Each structure stands twice: as C-alpha cells, then as structure tokens.
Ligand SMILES: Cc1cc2nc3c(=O)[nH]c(=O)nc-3n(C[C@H](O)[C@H](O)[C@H](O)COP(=O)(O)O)c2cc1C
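Quick setup: one chain, the form predicted on its own, written in structure tokens, and binding and motion questions come after.
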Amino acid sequence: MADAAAVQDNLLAQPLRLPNGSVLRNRLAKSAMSEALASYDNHVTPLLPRLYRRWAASGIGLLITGNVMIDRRALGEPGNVALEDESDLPLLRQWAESATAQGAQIWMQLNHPGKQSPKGLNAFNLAPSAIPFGKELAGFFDAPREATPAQIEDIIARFGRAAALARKAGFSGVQIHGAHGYLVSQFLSAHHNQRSDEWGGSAEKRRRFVLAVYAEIRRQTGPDFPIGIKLNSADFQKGGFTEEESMETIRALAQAGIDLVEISGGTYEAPAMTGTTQTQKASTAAREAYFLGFAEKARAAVSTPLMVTGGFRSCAGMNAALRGGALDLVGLGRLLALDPDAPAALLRGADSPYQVRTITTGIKAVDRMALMEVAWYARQLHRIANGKKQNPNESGLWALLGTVAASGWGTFRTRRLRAS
C-alpha cells in the first residue's frame, strides 16, 4: 500500500497539456506493442477494443496502438491492421471509444515496414535502397527493391490518408513509427539509405521523408490534431542513424510543430530497445530508463514534450526521471503485457508486482535478436484480449515454436486471401 504522502508527491498523476491544447490526464503512456490481433486479411477485430478497454480501465493517460500499416501490400507481420479506406470504420470507432469513453487518449501508430517484413508475406518489399539485411537476419527477410520517387510519394500520401481515417474514427491522435528499423527509420539511416537523389545522399536529405510524412499528416488532419513520432536516439549499428542526426531530426520536427517525441533506440539487428545490447554504468542503470541520457540532451535543444520508453522498473525511478525534467511522459510497454493493471498501482505511488525479464530460447542466433521479445509479449496480449490471465512464466522456447507455427500459417492465409 502507498501512503498519502507518496500519492501527493507522485508526479505520474499530474496532467500534461500538449502544444495543440489537448490534455493527457496523467504522465503514464502505453508505448506501441505489436498485437497482431487483426484478421488475416488485415481488418480490425473485436479483440482490439477488448484489449484496449482493459488497459484504459487502469487509469493510464495515453494509449498508443501497435503499428497500423498504411498499405495492405506492405505488412510487417501476419495479423497487422492495414488502414486504407473506411471499410473498418464501425470497429475502428469501437477501438477508439474503448479508451476515450474511460478518459484516456488513444493514438494510432502508423507504420510502413519497408524491407523489415518476413519472407513470403508480401509480394515484394520496398526500401530506400536495395540493400539486404546482414547475414543474421537475411534468412528472415527478403532483399528489397529500391522505391521509385513515385512510390515514395504514394507512401507519403498513404500516411496522410490513414491519419485522416483515424481522426474520423475518433482516435485522439496518431504517432509516426520512425524507429526500430522500419521504413521511416530506414530513410534516416545512411546504412539503409544510399540514394543520391532528393531523398538521400546527406543527413538533411535523408530527413526529407519523415518531414514530408509529418507535413502530409498535418495537411490531412488539421492543426489541432495531435501528431507524435517514435524516433531512435541512434541505431546502434555501424553506419546507421547517429545521435547527432537524431538530435537534428528532433529539432526539425519540433520546428515543424510536432506534438510529442517518443525516444527509443536500436533496430532488430541491434535491439537496444529491449535493453539486451545496452552497456551501462551502474549510475546510469540506477536511473532505470535506457535512453534518459539522450533525452536530457534533447530537452536542452527543444521544448516539445518528450516521452521515454524502456527500462523503467519502479514508481520511484519514474518520478525521479520526471523530476529531473528531461521527459514529460513515462512510456510503458512490456510491463503492460505482464500487468495490465500496473498504471493503477503506479498512480497510487506503488510498484507493480511484476518485473519485465529478457526472453531467451537457448538458441543463440534467436536470442541475439529482438524478434523473440516481440513474439513472446504479443502472446501475452492475445491472452488478455481473449479474457485469459497472462502467463509470465511461459517458456521462451515454447513461445518460439508457437510463434513460428502461427507465423507460417498466418503468412500462408494472408497470401491466399490477398490472391482471392
């Protein structure tokens, strides 16, 4: 039980006003996690409103959905929602209302996977340049085609269209997925983007894509609709997106008027977002958050609200980070897959009884990547959405076997449904 003084001093319970005037009821936000709860032809199912209704009941201020794809031809995994038209509007409204009816904001995360899509799922994958993944991931992902200027313009327009549909359905805002090696992240990286036209060749030109996506979303949704971005502090791989480039991107987005920047880091080749590749001093680890140091630099550069996700373990650690002023929102991800009621405890000044752990299978090649982290926690989301209790002790190897079987079947069904 938390005492009255702890509750009174709990900065997590304070509201936050965003630049566009909208107000979050507190400083806790659910970061995007892959749910894979859509149908195999990529439509919204009743499981998504059910899952988000459960989270909203915890008292959390902001819920950010798992990645919603802007193009059915470019999926990140089987079971993604793809948003191209109004065919899902009734269920989209239920999804939005599952949170807003309980006082939480819900933002739809919009994404294009680029080349980061499992083998066989899409007819082909597009990327800034036709550069395959390294040998560790080459077996999982097909080599991509280089996107033409016309295809790039089409993708930008699709981001705007999906955002407009999200607003029409009642979502409180949208978030651009610009992290973890997906298409926006690929455009920002000199490793993945080796173009020599207006979309690459310098850090400034590599930023043009994300700025164009933001501008198109703003054009199609208006000045009062919240738009955020999830952005890497760095890619943590040789020749990739650097901290200096990330800082310049944040400055450019802040100048353009973005409402919230969520700071993360890494890709599936260098999964810093899971904490498995982070080498930290003891003093840094004590502060819990993986990317707090970078957030401090960003706070010195911009006044735009900042959200940090990854590594937070305790109410005290979250309050210390907020008190330091480097961030405005505490992002929670995997903890909410283990404990959907964690925000209620944190808002009382108490800790969740659950602790996030690294998921391992015993297979070194798999454990070096973040793919198993995504899959294991997604299985917990499926349990919650189906009204079952989460299983924090599930074997990583068992989850891997189940995920491989489900992914194979899902890829087959998706391709069959697309062809019919």
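Being a predicted model, the structure only gives us computed values, none of them experimental. Residues carry their position along the shown sequence, with the first being 1.
One more form of this protein, predicted in complex with the ligand, exists but is not displayed; see below.
This chain is displayed alone, yet in the model of the complex one of Ile384, Leu37, Ala378, Ile359 has a heavy atom within 4.5 Å of the ligand; that residue is Ala378. Checked against the ligand in the model of the complex, the residues His112, Lys115, His192, His180 give one hit for a heavy atom within 4.5 Å, which is His180. When contacts are judged by a 4.5 Å heavy atom cut-off, Pro343 does not count as touching the ligand in the model of the complex. Although the partner is absent from this view, Leu63 stays clear of the ligand in the model of the complex, with no non-hydrogen atom inside 4.5 angstroms. Residue contact with the ligand in the model of the complex: Gly311 places a heavy atom within 4.5 Å of it. In the model of the complex, Pro128 stays away from the ligand, with no heavy atom inside 4.5 Å. Checking 324 to 332, 250 to 258, 292 to 300, 96 to 104 against the ligand in the model of the complex, the stretch whose residues place heavy atoms within 4.5 Å of it is 324 to 332. Although the partner is absent from the chain shown here, Ala32, Asn67 and Lys230 each have a heavy atom within 4.5 Å of the ligand in the model of the complex.
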